[in-house]
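Encoded as structure tokens, the following chain is the form predicted alone, with no partner shown.
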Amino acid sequence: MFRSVRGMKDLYGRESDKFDFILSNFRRIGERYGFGMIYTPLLEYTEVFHRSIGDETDVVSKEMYTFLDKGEESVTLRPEGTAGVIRSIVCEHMDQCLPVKLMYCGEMFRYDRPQKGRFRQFRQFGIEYVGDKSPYTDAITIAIAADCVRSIGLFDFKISLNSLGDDESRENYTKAIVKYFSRHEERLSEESRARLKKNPLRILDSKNKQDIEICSMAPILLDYLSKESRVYFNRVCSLLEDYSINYEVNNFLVRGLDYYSHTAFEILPTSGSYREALGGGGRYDKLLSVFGGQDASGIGFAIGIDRLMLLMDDFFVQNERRKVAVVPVSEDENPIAFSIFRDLQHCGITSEFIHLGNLAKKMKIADRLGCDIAIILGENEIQSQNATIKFMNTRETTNKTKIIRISDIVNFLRSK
């Protein structure tokens, strides 16, 4: 028997309704802030991610779905959205007219151990705001992320915030943590010992319990910020307070990708059993130039839609739009019934044309399809130019049926 690939699931029924609800709300928020949609390919040349995300990150070193295509070129299913969007901005020469404000939504792929809220094929919504570097832009971007989460009815969350500073800040901080971690090298995990020589900041992103304990006493990045970076970060914090956004500074937040600089943030739920990050993002100063574009800064975020769907289980109400069944009693009534069905569709009324089987079977099908109203057309109805309207899901014991003129059906249904 065929089954889906591990870590990849189908979306249908209530789950697909939740997905559509989230996406429609997020798009509305993005449009309100002046962002337009972009759809990038699922498949990119592998170098797009190696050059942007960083060879020493978990995403590149462990989790990417990479293979050789029939042309013997290395390609990768996208593990995140930013790299592809920035590649597109450069390829399509959008960077010649900055700023550029884009939003995206789609599937991402990472080979990881499937668990609650973490799948190998997952869905993200994100924005990229390129070509406008200022604390105001950072605060606005974080506010958009907060507005998105609130728009679907989730209010118990906070923004975890840090600054990665500029090149000078990171260089000074890197020297400090190399000195610190070198004193504890024997206690570090094998993976973190390797990172100590190649990319020591990644140790702060370790999920190993022993590493986390060692990291808790490590020097903090804010103490090594340059004067310019400190002023920039303090201004971002001040603006978030003006926005009344619930945030806290996390001294060890570095995010999992190498392209970040200055502001970095995550969105964390503050109630319920699920406490993993719902999304996050930050500023990147050199990503466009990596792809051959202008030396321009950008900021963005991505939110995991699958994780939000988990949190919506307790309060999400599916679309309760009423559905109409057009039911001819026999084949003789099919033509007029089909004509009525076509009229309902033209008027935007959700409807089903149910014409197979006897009347009892047709009504069972209408009930199974979730129809609230049935328009029943038999020989007597056709002769009198009337239709029998049956209210299928009402709790009332009376007035479950009504006779109306066929010519009045559309107006009657509109009133319902």
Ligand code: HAM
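None of the values given here were measured: they were computed from a predicted structure. Note that residue numbering follows the sequence shown and begins at 1.
Missing here is the form predicted in complex with histidyl-adenosine monophosphate (HAM); even so, the following discussion is about that form.
Among heavy atoms of I127, some come within 4.5 Å of histidyl-adenosine monophosphate (HAM) in the model of the complex. Taking the partner from elsewhere, L278 is found to have a heavy atom lying within 4.5 Å of histidyl-adenosine monophosphate (HAM) in the model of the complex. Interface residue remark: G117 is counted as part of the site for histidyl-adenosine monophosphate (HAM) in the model of the complex, having a heavy atom within 4.5 Å. Interface membership of S163, defined by any non-hydrogen atom within 4.5 Å of histidyl-adenosine monophosphate (HAM) in the model of the complex, is ruled out.
Checking 170 to 178, 330 to 338, 109 to 117, 239 to 247 against histidyl-adenosine monophosphate (HAM) in the model of the complex, the stretch whose residues place heavy atoms within 4.5 Å of it is 109 to 117. Only one of the listed residues (R307, R78, R87, R195) places a non-hydrogen atom within 4.5 angstroms of histidyl-adenosine monophosphate (HAM) in the model of the complex, and that residue is R307. Checked against histidyl-adenosine monophosphate (HAM) in the model of the complex, the residues A302, I159, C215, L201 give one hit for a heavy atom within 4.5 Å, which is A302.
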